[in-house]
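Alright, here's a single protein chain in two forms, structure 1 and structure 2, each given by itself as structure tokens.
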Structure 1
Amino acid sequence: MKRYVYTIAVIAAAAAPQLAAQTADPVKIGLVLSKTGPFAEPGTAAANGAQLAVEMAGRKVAGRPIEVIWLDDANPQSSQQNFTKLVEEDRVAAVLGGSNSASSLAMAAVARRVKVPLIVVAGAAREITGKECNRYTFRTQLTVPVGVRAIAPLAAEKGKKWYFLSANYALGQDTYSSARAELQKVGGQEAGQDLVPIGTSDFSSYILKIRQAKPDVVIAGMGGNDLNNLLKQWAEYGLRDKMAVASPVITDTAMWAVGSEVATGIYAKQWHYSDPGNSSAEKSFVQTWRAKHGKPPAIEAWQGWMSARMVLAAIEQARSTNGAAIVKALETVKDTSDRNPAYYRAWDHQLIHPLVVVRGGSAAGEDKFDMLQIVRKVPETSSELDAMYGSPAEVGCSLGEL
């Protein structure tokens, strides 16, 4: 299948006379990302990243101005309602959303029904581009199985006795099943397993159980404030340097919130702002973000920026705001402008992009924000990139028709 290469510069400069001639009305892009609750900080970072992509594109696409409308992702029900409002009342061309897997799955069902593209920014559960995939849903966030495969070798080096502590929703459950499978491959031992409610503030009872079980590694399947609270109490109990914590996903905002004296763990990320291997477009994004916000962009900001960037490229290519036309373009747009290729895989709509495995620790050098140190890049060669994200048989996606 032929793929098209678009960069920020092309998006900003290219014109689409046919589309522009039809109407001077703005192209509306919807955001359903958390403004409140445990995912408010990463949700805000993602929203700001998306809006920066629009600014870097000159606030125009296909010769038309761009309008961004941001509604809250407070919970799965409200995310569905806000997605529907953006489509029916605001007539958006596409929606970027999902501050967690539960809300992402809820909105994906609406996207299929109303036939408007959804770009999942931060939902990591495999189902989104797996058994629950659909033609109108794309995902920028890495999947839990991919993240687990990336961290498993380093976790196994710490020891093969693992305890599983996961938030009781899609991401946590997927983390448990994926990491347990990796543990079995290396002949390891399961020390225990607990599912905790979202929004847990007190982990003391779980930590006492873990301390008694004496695992080598604790696999934590949670995000947002849940992970922050766990790491803070982990340090309070004096376990920071005694037992390793590992998770298939991490947010920079989580590390910044807990501080360098608490930051710890082994994690997988699609991108890190200080990675010397970042593409020229990503380096420009970092520079622009720093100038605007006075600090480096978190991974959530990059996810929002990348999601918006790809949608704008698709609209530019399609020369249309029709949902089906944008979907077809998103299935073919590919950024190969530099060393980090980025594209949505046509058969499951997962963003394909290299990963980095990072370790939490004290801030490096003069950069007080750099609390995640890159340990390795995954995969080692670009030829292994597609396989790392799983085969059709492993992923289990059947997209269906438009």
Structure 2
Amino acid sequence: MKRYVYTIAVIAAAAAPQLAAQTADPVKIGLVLSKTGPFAEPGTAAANGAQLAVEMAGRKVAGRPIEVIWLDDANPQSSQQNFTKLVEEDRVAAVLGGSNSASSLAMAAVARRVKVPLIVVAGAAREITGKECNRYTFRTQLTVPVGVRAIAPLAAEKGKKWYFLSANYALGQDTYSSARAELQKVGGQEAGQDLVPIGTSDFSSYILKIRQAKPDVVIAGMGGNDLNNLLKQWAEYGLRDKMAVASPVITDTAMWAVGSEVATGIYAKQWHYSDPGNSSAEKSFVQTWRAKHGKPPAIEAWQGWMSARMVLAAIEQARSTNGAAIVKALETVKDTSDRNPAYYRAWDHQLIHPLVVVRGGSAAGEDKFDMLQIVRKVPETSSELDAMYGSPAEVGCSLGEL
């Protein structure tokens, strides 16, 4: 009998601090973003952006402290494993992740199964919020067709003879089909089309072909080092001031990698750090970031920051870390401060946010990092905003049940 009492006393003693701590248990947010490999730079920027959103929220949500756990996204398979690990071992409330479309799609399938919300930070493939969409997956990055629609008018001003240079994977193929449709709308002419193997370091042979085809605009459906190499050799062959390059997506790091003498092109961007139209929260984000990292935040940093901000707002609203409750809250949370509304659209979970069309060029002002100049905000009126991200028929998403 004595022994039983003793056992019960031990159990009670062990449980007591846990009971007391329950209300102050940390809310865990998982990150699956590249620390190594070709996506290390955007992955790290996005992770730092998310961390900064947590800091700016005072490291607290719904009265509980926040804990951020960051695991690597080395490839789709490891991203899935790390997602599962975060859910099963760390019991995270939500995961921000996906440094590219392939990892994002891989994790989205797990998110649906384990019913933990995934916010895709950087994955542009339309399927993520299109055919392959699900109730537990949200996406912050803008999609290729939206970017193409934004740059098409400016590209058409340069001329209606377009050459398509597309990296041979989802991004390039998506860009080609979307841009060709836009070209047909304005009655333009296709000067040529090349599918470039991903990871091409020398574009000289393509540039020679393009010179012979004499287009007005080259639509470059590529990102990362592929785009950097193209821009670098574009300048080497003296085409920087002669022919326009346009691409539906751009990262600031691409400009920083090629440098002020080479920077060029027409691009769509969800946000730009020096945009005077940024909200006051965004301005303080830029300021804090610059103080901390010594350079301005790239677009991926904003994507990480925005994703984390939305998740924290949803947890605050739901007052719960239950997956389904967070999903429901994310579907309704709306950041309407200042001029730029931001919200995940309820029927496809795409972040709706105005875009800026930017032009690359030498850094003109005091800021040696600012090689992208804002040409215009798209759309001009906020009533067109929702339509710009596509109608249900165009997007083709059916979310399914919670």
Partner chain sequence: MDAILSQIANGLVLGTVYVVVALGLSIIFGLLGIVNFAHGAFVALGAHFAVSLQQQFGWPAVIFAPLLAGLCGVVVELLLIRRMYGKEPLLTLVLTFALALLIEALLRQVFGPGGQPFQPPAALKGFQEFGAILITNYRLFVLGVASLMLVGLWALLTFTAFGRILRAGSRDAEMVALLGINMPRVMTATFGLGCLAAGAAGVLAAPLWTVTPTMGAAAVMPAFVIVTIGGLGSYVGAIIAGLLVGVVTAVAVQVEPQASTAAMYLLMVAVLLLRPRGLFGERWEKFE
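This is a predicted model, so every value here is computed, not measured. By convention here, residues take numbers in order along the sequence of structure 1, the first being 1. Each form is matched to the other, and the largest set of C-alpha atoms that superpose within 1.5 Å is called the rigid core.
**Student:** Looking for the form predicted in complex with its partner chain among these two structures; is it 1 or 2?
**Tutor:** Structure 2 is the one predicted in complex with its partner chain.
**Student:** Once the core is aligned, please say if the CA of Ile119 is shifted by at least 2 angstroms between structures 1 and 2.
**Tutor:** No, Ile119 moves less than 2 Å.
**Student:** When you overlay the rigid core, is the Cα of Trp305 off by 2 Å or more between structures 1 and 2?
**Tutor:** Comparing the forms between structures 1 and 2, which are aligned on their rigid core, Trp305 does not shift its C-alpha by 2 Å or more.
**Student:** Is there a C-alpha shift of 2 Å or more at Pro76 between structures 1 and 2 once the rigid core is superposed?
**Tutor:** For Pro76, whose C-alpha is compared between structures 1 and 2 after core superposition, the shift is less than 2 Å.
**Student:** Once both forms are fitted on the core, what is the Cα shift for Ile207 between structures 1 and 2 in Å?
**Tutor:** Reported C-alpha shift between structures 1 and 2: 4.1 Å at Ile207.
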